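In structure tokens, one chain follows: the form predicted on its own.
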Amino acid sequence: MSDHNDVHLEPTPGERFSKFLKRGDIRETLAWAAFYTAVFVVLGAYFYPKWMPTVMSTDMKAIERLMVVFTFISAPVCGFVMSIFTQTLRHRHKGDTPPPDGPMIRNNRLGVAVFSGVASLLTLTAVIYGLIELNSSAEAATKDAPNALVVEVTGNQWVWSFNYPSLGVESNMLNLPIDRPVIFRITSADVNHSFWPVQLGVKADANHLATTLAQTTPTKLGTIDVKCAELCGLYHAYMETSGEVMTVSDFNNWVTAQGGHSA
């Protein structure tokens, strides 16, 4: 008599996966993961843009868009990690006895493969999107360079100074005309600083004996807060000034009042 009926058949991957999904703890974990993912998506879509500085340039708009997209991309991974954290807190062991051994997730080849594959795909998407955005900004800077207003930025403990070589004006206020490309030539007279006009979305090193270039186009009227983003000494926190994105006529009037000439 054949022993064929007594042979133990290993379950197929599909059967193992189906049995895996029927477990109560797995369903709870997936439900929490979906919840947290939705929370991060809502935060990225509606709240993060409201919490960021006012968008006053093309670069700041690109940064806002990048933050939102990266939040969407990272939301599933963050949601899954948060769901495991929640389940760990909800089902933590109590009492004096040793806790039972949990499932050996690192030995679950299917689980490891799925998580690694999804995380890798999301990471690759973020890298590709970031490179596209970076290339787009570089192309815009090259295109707008001939018509750009050049501003020479100098950091000096603990003040900022701005020179407009084509206009014959130097000031401690960063005033710019709306809708005109600007090229910043940034350097330092002493230690290293970091030039950060917050609402313009620009942040670039100001290094001694070196010049860093940065470019943007102001697109909204309003006040600019200029800060130093590099620890540069005792009064680093007070190394800030302000400026304004003005209409073209107001900017020309300001240049004339400073003894300069309109371009």
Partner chain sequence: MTNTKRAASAILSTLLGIAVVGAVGITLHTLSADALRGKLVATKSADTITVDGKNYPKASVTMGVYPDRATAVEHGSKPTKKDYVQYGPSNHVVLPAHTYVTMTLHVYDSGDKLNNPYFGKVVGTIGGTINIDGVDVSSVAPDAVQHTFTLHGLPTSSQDPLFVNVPLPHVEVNDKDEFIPTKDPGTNNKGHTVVFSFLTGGKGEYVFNCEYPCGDGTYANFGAAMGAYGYMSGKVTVA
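Numbering follows the first chain given and starts at 1. This one's a predicted model, so the numbers in the text were calculated from it and none came from an experiment.
The discussion below concerns the form predicted together with the partner chain, not included here.
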Could you confirm whether F35 comes within 4.5 Å of the partner chain in the model of the complex, counting heavy atoms only?
-> no
Wondering, does T247 line up within 4.5 Å of the partner chain in the model of the complex on heavy atoms?
-> no
Consider N252 of the chain shown here, and say whether it contacts the partner chain in the model of the complex, taking contact as heavy atoms within 4.5 Å.
-> no
Does D179 reach the partner chain in the model of the complex if we count a contact as any heavy atom within 4.5 Å?
-> no
Which residues from 154-168 come close to the partner chain in the model of the complex, meaning a heavy atom within 4.5 Å?
-> T154, N156, Q157, W158, V159, S161
